[in-house]
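What follows is one chain in structure tokens, specifically the form predicted alone.
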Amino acid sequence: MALRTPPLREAHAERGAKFTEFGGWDMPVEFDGIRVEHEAVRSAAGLFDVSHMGQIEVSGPDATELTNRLTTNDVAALDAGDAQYAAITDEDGNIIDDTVVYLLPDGETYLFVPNAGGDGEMHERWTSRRDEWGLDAVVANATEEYAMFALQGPDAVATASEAAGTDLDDIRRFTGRDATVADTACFVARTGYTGEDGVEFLLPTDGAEAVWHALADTDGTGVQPCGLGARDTLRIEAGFLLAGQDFDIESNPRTPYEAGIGFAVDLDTEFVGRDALAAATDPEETFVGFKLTERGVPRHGYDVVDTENRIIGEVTSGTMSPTLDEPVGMGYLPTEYADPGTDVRVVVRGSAKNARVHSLPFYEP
């Protein structure tokens, strides 16, 4: 099957980007090197094309009830312009996907963002459940209609404000509002996936090139374009989950409590998986971070063992942290090993390397 492409795929190629397949999309993985891009986000600002993320719109009289029944948080609590992190779970309470749900400024339309490649499955899930429950809601897969950019870093909001010609610093964390950039109507939300302050832009695909260049060129020297490689090292430092790696409904099913996102579960609402989760608030394994205390880099799939070399878990994400200059990883361990400071080992290419459990995130601005 042909890969899906973001609207600026050719512009990124002309800029010299390297590409990788991710979630069925052909996406830029790096422009000028992962470390350069990573450091730009930590010290100033970086601009990511994240148009591979899904966009599902839900509207109509029963839009709130439908979305509340299919996400773990309470979307009824949202005011116009608010955003909310949530999980989408199966009947057993395991995470199918995680998402951000926006109530757009019209106060009537929900827009939620499934992970890359998950838009078709989520659209089918919402429409089939709507029909099964006899609810009155319109569900549209708008993924191909939107471009999505993330401007992240300590200078991001000032840069975005300059491009928009209006102060965007009044947008609170996990809220958003409409703004115009390069004559293009955008929804701008103060959300992100790097651990830094910043904003994300949702806009029609035909305005993508103008908005990208307006954001990249505002200060006269240009904002660093960034690819998925830096996005991964940044999110690991921030302790954020990656779908398909830190949880996977087929190969590594995990509940929100195991994955450390129990804060996104509201047991006072009725949603698919609610009863199973109500009985699973005290899991036997939990998501932790760890740092290697000797040379080696933890990678996805490596075993984690105790000090007697008994396997107790597996690395789900790992990297050499560009900010900390230390090898860091994350994964699920039995709760008796989860306390920060606990000694464990990570098996790197057949050799058990000493490591120590560390609280998440590894890095905070």
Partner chain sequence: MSFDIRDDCRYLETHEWARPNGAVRVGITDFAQDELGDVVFVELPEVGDDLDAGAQFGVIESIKAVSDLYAPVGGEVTAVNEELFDAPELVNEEPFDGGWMLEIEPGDEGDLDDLLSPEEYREQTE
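Numbering follows the first chain given and starts at 1. Not measured: the values here are computed from a predicted model.
Omitted from view is the form predicted together with its partner chain, to which the following refers.
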Using a 4.5 Å heavy atom cut-off, which residue among T233, N73, T99, T191 comes into contact with its partner chain in the model of the complex?
T233
Which residue among M320, A338, V305, A44 has a heavy atom within 4.5 angstroms of its partner chain in the model of the complex?
M320
Sort through 308-316, 330-338, 56-64, 295-303 and report the only stretch with a non-hydrogen atom within 4.5 Å of its partner chain in the model of the complex.
295-303
Answer with yes or no whether V50 is in contact with its partner chain in the model of the complex, where contact means some heavy atom within 4.5 Å.
no
Decide whether I34 counts as a contact residue for its partner chain in the model of the complex under a heavy atom distance cut-off of 4.5 Å.
yes
Using the partner position in the model of the complex, report whether K18 sits within 4.5 Å of its partner chain, counting heavy atoms only.
yes
Checked 38-56 against its partner chain in the model of the complex; residues with a heavy atom within 4.5 Å, sequence order, are none
